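You are given structure tokens for the same protein chain in two forms, set apart as structure 1 and structure 2.
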Structure 1
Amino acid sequence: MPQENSAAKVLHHLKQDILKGVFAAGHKLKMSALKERYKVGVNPLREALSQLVVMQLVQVQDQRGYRVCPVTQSELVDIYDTRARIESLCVGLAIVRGDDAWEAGIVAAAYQLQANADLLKADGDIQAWEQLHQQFHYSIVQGCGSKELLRVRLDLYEKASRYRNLWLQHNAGHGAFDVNQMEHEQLVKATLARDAELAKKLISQHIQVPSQVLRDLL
């Protein structure tokens, strides 16, 4: 098993902590506090923070350390709008390029998501549901076959995570999940029917849902 270095480990944990909201937007990331929390020295920490700066999750001020990037309404709208366009691009390409295995993967992921939806909803295990949800959407876009496009998509997904977690938190218990499930069925139907125009329209709307809700909240 490849033993990754301290910087890689702290990067993973720190990133999750920021995305999950453990460190709120604008929070000052003091070296002493982070050293304490992750049990590492300053140098691995600085490496991890440097990487988070490139990912635009952390800001750096010269000689004044690091802080979590602020969240703004305009960035929220921009990210979700751009995500919708990129995901549309992926879906359109996947419909053109996807083969039998791709179709089978979609059906499998859709089944998994639906089968576990009620269970997880009852448990309140939103993270597990989000995992299946992500897997479902990935099974579709994966058919586009472009590593670069999929990476752009992933970057935007992660950048949206902080906002999405606010939404999940706000919408826990609401009927949004059932609407969500219906949208998924329509999307699968349009995708397998290779109806690119409809599928692109559906995925675009589906992605924008949290944005609509959160817009008034920020």
Structure 2
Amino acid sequence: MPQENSAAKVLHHLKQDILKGVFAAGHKLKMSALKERYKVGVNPLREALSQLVVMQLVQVQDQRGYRVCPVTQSELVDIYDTRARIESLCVGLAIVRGDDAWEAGIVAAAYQLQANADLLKADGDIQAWEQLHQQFHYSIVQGCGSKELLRVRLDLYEKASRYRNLWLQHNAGHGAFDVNQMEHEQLVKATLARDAELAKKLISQHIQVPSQVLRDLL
């Protein structure tokens, strides 16, 4: 049981470090360095790495070691196109099914995101803002009432994290980031107005922005 707990913990932390860009695409994951960083033995590490291989975040190199999977244009386009379709579906259902508490949650999450946007532009904590960003978008889609849709949506959100962090590194504090914030405001207005068609169009366009920008970088 202790080993299972250790494997679960290192899986969580290593996965987050990869998604946040602590370990960049293509980075060689040395077992000795990972043992020191996460304070665990070889077996829990190997188990965690094996699961990350299945998640397509880590790849095995000629049976000699592990490396963070590269970021590619083809994966970028596939992930963001699929995300836009799933998010649009969730938003449409949320507008139909959401109640007053759902609306209040959107307003609260939007306020927190906007209040911290200025901190980000002043060299704040990008990851702290990203957590609020995730909470904002989740506040909208959670009204869809489908656990399965939300599970699929979360998986895609996580897979897009490495690309979204690249976008943030190049755009935080710049004009593109201000546009991103204005898109959030437009999305909130359309959602609270229960304008499903407009909200679905806005969320689809909003999600695709990083993909369009990053294609040139990759």
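In this text, rigid core is short for the largest set of C-alphas that superpose within 1.5 Å between two forms. Start at 1 and count along the sequence of structure 1; that gives the residue numbers used here. Quick caveat, the model's predicted, so the values are computed rather than measured.
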Selected structure - the one that is the form predicted on its own: 2
Core superposition between structures 1 and 2, C-alpha change of residue 64 at least 2 Å: yes
Rigid core fit then residue 157 CA moved by 2 Å or more between structures 1 and 2: no
After fitting the core, residue 31 CA displacement of 2 Å or more between structures 1 and 2: yes
For residue 20, CA displacement between structures 1 and 2 after the core is overlaid, in Å: 2.4
